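Take a look at this one chain, the form predicted alone, written out in structure tokens.
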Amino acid sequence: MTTADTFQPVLESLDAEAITTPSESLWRATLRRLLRRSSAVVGLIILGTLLLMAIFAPLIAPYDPEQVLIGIEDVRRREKPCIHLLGCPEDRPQHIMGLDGNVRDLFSRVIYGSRFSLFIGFATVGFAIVVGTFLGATAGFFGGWIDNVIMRIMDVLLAFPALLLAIAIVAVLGPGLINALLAIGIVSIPSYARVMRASVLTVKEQDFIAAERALGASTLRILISNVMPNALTPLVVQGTLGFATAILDAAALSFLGLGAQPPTPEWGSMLGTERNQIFTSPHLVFFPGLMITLTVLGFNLLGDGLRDALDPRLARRSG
């Protein structure tokens, strides 16, 4: 009997789930550890609800977010919330969150605002990650003068407060949502570049990279196929937390009149328009502010959960 015949029954009895690639096992284990953390689950619930709101906004919102209701209903500016189930007279039109200063349904505008928040997060973080990953990987892998040039530029960008630099960029490009997104993306690039560079510096010293070089693999192939995939894990956490920062920065720019312009239903713009009504009509400030808070909280909770799930030391403790 040969050695292969001896071990054949053992090989056939292995669980199919155990024969997986290292990357599949890593992400499956990470997801399992993530779902064990209550804070991460809460973050997922908040973000899942936000995503459903954005997808089904036309079905949830009772009005067009830009529709002015003067002449359509017997209403007035900045009318307080009216909910029939909570005792509001049946003869009055129902507006769950009231009306804004232009006699538009605030609930509809808040619902549609979730679309802009998700768009802002994905657009700015996606742009910053792509550019930051390329710059950080190039600097960390090649080193020398390339590393010095790239990282000194990143240091110059980091020397300025992020929001002030974004304001300066928008002031040059002109106010508008797209320019605001571009500005936020630019000021976010250094953080992703530094994280990627640090990760690449660690990965490129591993034995399997030396083996690839010994086998004659090209420098570009090693960087793209071996180094970058193994250095991306810290960017997952950084990117998740970056969503919250991007949404806050976009809201701040819109609050200052440099981001989304009226009548776009963006939460920061809604806050900026009605900021002087905080005592006379607090609902106009409360509901957009609450949505920003919940969205940022959801991304922060998910980011913290991912950081813990991807930490190998915590993984060993949890067994």
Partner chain sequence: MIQYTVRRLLSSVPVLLGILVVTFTLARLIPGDPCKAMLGEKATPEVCERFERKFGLDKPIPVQFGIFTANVLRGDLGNSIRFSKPVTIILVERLPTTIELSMAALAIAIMVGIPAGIISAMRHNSPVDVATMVGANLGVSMPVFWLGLMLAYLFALVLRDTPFWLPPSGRLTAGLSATPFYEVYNIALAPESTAFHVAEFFANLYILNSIITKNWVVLVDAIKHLILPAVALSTIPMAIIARMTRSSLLEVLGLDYIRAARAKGVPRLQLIVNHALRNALLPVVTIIGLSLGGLLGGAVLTETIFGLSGVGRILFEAITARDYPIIQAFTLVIAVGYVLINLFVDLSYSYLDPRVRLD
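Here the structure is a predicted model, which is why all the values come from computation and not from measurement. Numbering follows the first chain given and starts at 1.
There is another form of this protein, the form predicted together with its partner chain, and it is not shown here; the text below is about that form.
J.: Within a 4.5 Å heavy atom cut-off, is L256 in contact with its partner chain in the predicted complex?
T.: Yes, L256 sits close enough to its partner chain in the predicted complex that at least one of its heavy atoms falls within 4.5 Å.
J.: In the predicted complex, does L310 come within 4.5 Å of its partner chain, counting heavy atoms only?
T.: Answer no; every heavy atom of L310 is more than 4.5 Å from its partner chain in the predicted complex.
J.: I'd like to know if L201 sits close to its partner chain in the predicted complex, meaning any non-hydrogen atom pair within 4.5 angstroms.
T.: So L201 does not count as contacting its partner chain.
J.: Using heavy atoms and a 4.5 Å limit, would one call Q261 a contact residue for its partner chain in the predicted complex?
T.: No.
J.: Within 4.5 Å, heavy atoms only, one stretch in 160-168, 229-237, 106-114, 132-140 touches its partner chain in the predicted complex. Which?
T.: That would be 160-168.
J.: Counting any non-hydrogen atom inside 4.5 Å, which residue from L35, I278, L51, I70 sits next to its partner chain in the predicted complex?
T.: It is I278 that has a heavy atom within 4.5 Å of the partner.
J.: Could you pull out the residues of 269-306 that have any heavy atom within 4.5 Å of its partner chain in the predicted complex?
T.: The stretch touches the partner through L271, R275, I278, F279, P282, V285, F286, G289, L290, I292, T293, V296, L297, N300, L301, D304.
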